[in-house]
Ligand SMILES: N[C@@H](CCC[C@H](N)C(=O)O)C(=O)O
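For reference, the chain that follows is the form predicted on its own, supplied as structure tokens.
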Amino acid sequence: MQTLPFIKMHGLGNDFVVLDGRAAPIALSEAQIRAIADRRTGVGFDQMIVIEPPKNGADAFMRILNADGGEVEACGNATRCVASWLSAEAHKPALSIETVVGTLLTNVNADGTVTVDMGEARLGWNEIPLAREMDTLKVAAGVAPLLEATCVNVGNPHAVYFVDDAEAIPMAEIGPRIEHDPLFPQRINVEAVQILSPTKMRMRVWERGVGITRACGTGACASLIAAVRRGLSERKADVILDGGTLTIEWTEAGRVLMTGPVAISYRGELEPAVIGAA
């Protein structure tokens, strides 16, 4: 087996191994993905991103794989990273990137930040999805002190909990228990959000299949939407994550826009000893 080139990128510390599968298909087993995700013996990442040829006329298709090897639908920070890389390659700021849940429009701004139109939020109980019908504005589910969530799907499912002090929430203990609650048949991403002002909030996240991450783009989008639905925020606000700040806007037309920085950490090659894992 030959070495496999990769790029290590991150958006506010939410880190990715990006593989280019446009010229030749890349098929890795869940065991291989977990081996590459190992931060001691592999490279380490929150998600692996495989760029593939577009299927419906976009600039590229983006496949998203969690550190546990499972495939997921959306990742806002990864979309910004991929958009930045492909934009530099194509010498144009605006791109369209296909995912398993639709095509996302992206733009690299003059200051180097990247804006992604994440589409429209889905708010129905069966769109999250939840196991049974209920109002997603106030969902009685969780583990103390996170007991009442506002649920939002922004390409993937989120349970947003509003708290007085986000730093005080033991996310490593509570997050996995809520993620696997039977109410969430596809599991759930968990956010603890502290409202600082109508245009600023602090968010911490437990990502399903990953754990605590320094940033989560879709989580920031879900938090802003949930706050607006609860009457706690204006439609555009800064969301402060462990790794930095994203600006999120839920437009009057219902589109969800996310803007923030991206970075390339390094480029390398995966050795057969890692990618050959059974």
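Each residue number is its position in the shown sequence, starting from 1. What you see is a predicted model, and the numbers here were worked out from it, not measured in a lab.
One more form of this protein should be noted, the form predicted in complex with this ligand, which is absent from this view; the next part is about it.
- At a distance threshold of 4.5 angstroms between non-hydrogen atoms, Ile33 is out of contact with this ligand in the model of the complex.
- Residue contact with this ligand in the model of the complex: Arg204 places no heavy atom within 4.5 Å of it.
- Proximity of Asn189 to this ligand in the model of the complex falls within the 4.5 Å heavy atom cutoff.
- In the model of the complex, at least one heavy atom of Ala74 sits within 4.5 Å of a heavy atom of this ligand.
- Heavy atoms within 4.5 Å of this ligand in the model of the complex are found in one stretch of 232-240, 213-221, 37-45, 248-256, which is 213-221.
- The partner is absent here; in the model of the complex, the one residue of Thr136, Thr106, Thr99, Asn156 having a heavy atom within 4.5 Å of this ligand is Asn156.
- The three marked residues, His10, Ser84 and Thr113, fail to reach this ligand in the model of the complex, with no heavy atom of any inside 4.5 Å.
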